[in-house]
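In the form predicted on its own, a lone chain appears below as structure tokens.
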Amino acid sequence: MIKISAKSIYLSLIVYLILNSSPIHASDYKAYGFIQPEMSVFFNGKGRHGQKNTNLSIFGKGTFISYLQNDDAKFSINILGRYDDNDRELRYLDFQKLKYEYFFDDLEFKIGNDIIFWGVNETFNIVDIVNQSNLAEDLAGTKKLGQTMASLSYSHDYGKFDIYLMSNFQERSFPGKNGRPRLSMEIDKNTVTYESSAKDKKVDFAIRYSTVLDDLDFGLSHFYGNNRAPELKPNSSTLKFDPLYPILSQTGLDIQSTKGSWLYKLESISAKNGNERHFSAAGGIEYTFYGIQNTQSDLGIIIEYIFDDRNNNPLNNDGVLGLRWNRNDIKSTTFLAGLLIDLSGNSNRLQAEFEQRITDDLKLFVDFSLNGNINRADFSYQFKEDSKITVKIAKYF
């Protein structure tokens, strides 16, 4: 018996659609990307699990876009990858985008890998559920992997409707044995279980309605499928975590209102995760001072808060105080800093990002993460000794 995977069907259909499109001319496509060496230094010496206090890696990203059929269709490839000196789990390639799009008058059809972002908050994007998080890259879950899907979008004066059918579920990537920071125990990939009998072959479904009403951006979404976040159960025999992926049914709401220099944001979800139902809400305000001190620089102040009615959720009563500075100069100089505060305990963590263009094709990034006082009972206590600074230099082509 020949087994045909959903991925092979997607790829075959994309190739068929491209081959039956009009010829590609030199002016109908563009290609670009970058390669980025990185170096991290940890302030606390060796890690809790004997990891090194320095880490070297190379990150790269390439993009190819071609317009077909008199610009009625588009083919996109967006591939990224990393080679890490210490952590095997950070040696990967991922097609974030490998998709074919066709544009009708009010309809847009897409098939292939894509990145779909929902949300309005700077820090707590609780409605963002379509793509799998790559925790090997970032424990905050902001880095995403491409998701295979077929989608249909309908746009009208009264708003936009998006429907998604998703297959080829990807398990969450976690830092490996030598990764830093990493969880207190490794993830056992051999003990992965699912609530769904279809396991990773389950077809997930999502729908979203979005519209703009004067100065209000409004989105309402629903997702049903394998939860992207597994439940991690400690195994006393292997001393590793056994992952379980329950079925998630989640309805989300995101609202953003712009009033001059003020920005008001709210995300909320009501979800059933396995047999447990929970509610979560996150939002805040952002105010921007334009032309501070009679210069071209802008300074934004960000305040956000998250509530979750699950006591075992790491972010169930936390706040963020942030600053965003944009110099608006020829070097595209920006600085973003945020202090995460656990309002239920006695824990805090500071993160900052600085970036500046060196030349037309070189850019410098400096990321800074400093763990302050962390309560022993807090989820982030396992990362207490992992304060670090990371320097990145991107070469664009």
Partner chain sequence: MKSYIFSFLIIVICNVHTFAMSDEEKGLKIAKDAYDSTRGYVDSTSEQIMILIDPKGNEVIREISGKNFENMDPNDGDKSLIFFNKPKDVEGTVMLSHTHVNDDDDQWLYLPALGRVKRISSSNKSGAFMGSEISFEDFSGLDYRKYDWKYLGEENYENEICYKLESYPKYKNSGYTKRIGLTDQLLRARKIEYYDRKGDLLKTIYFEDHKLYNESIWFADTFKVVNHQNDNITIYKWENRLLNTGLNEKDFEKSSLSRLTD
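Just so we're clear, the structure is a prediction, and the values are computed from it rather than from any experiment. Positions refer to the first chain, counted from 1.
Keep in mind that the form predicted in complex with its partner chain is missing from the display, and what follows is about it.
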{"item": "Triplet 99, 160 and 357 all within 4.5 Å of its partner chain in the predicted complex via a heavy atom", "value": "yes"}
{"item": "Candidate stretches 322 to 330, 186 to 194, 242 to 250, 172 to 180 - the one whose heavy atoms come within 4.5 Å of its partner chain in the predicted complex", "value": "322 to 330"}
{"item": "Distance check, residue 264 to its partner chain in the predicted complex, heavy atom within 4.5 Å", "value": "no"}
{"item": "Residue 226: touches its partner chain in the predicted complex, heavy atom cutoff 4.5 angstroms", "value": "no"}
{"item": "Proximity of residue 260 to its partner chain in the predicted complex, heavy atoms at 4.5 Å", "value": "yes"}
{"item": "Contact label in the predicted complex: residue 46 to its partner chain, heavy atom within 4.5 Å", "value": "no"}
{"item": "Selected contact from 307, 209, 95, 103, since only one has a non-hydrogen atom within 4.5 angstroms of its partner chain in the predicted complex", "value": "103"}
{"item": "Option touching its partner chain, based on a heavy atom within 4.5 Å in the predicted complex, out of 78, 221, 147, 133", "value": "78"}
{"item": "In the predicted complex, residues of 110 to 139 near its partner chain [heavy atom within 4.5 Å]", "value": "117, 119, 120, 121, 122, 125"}
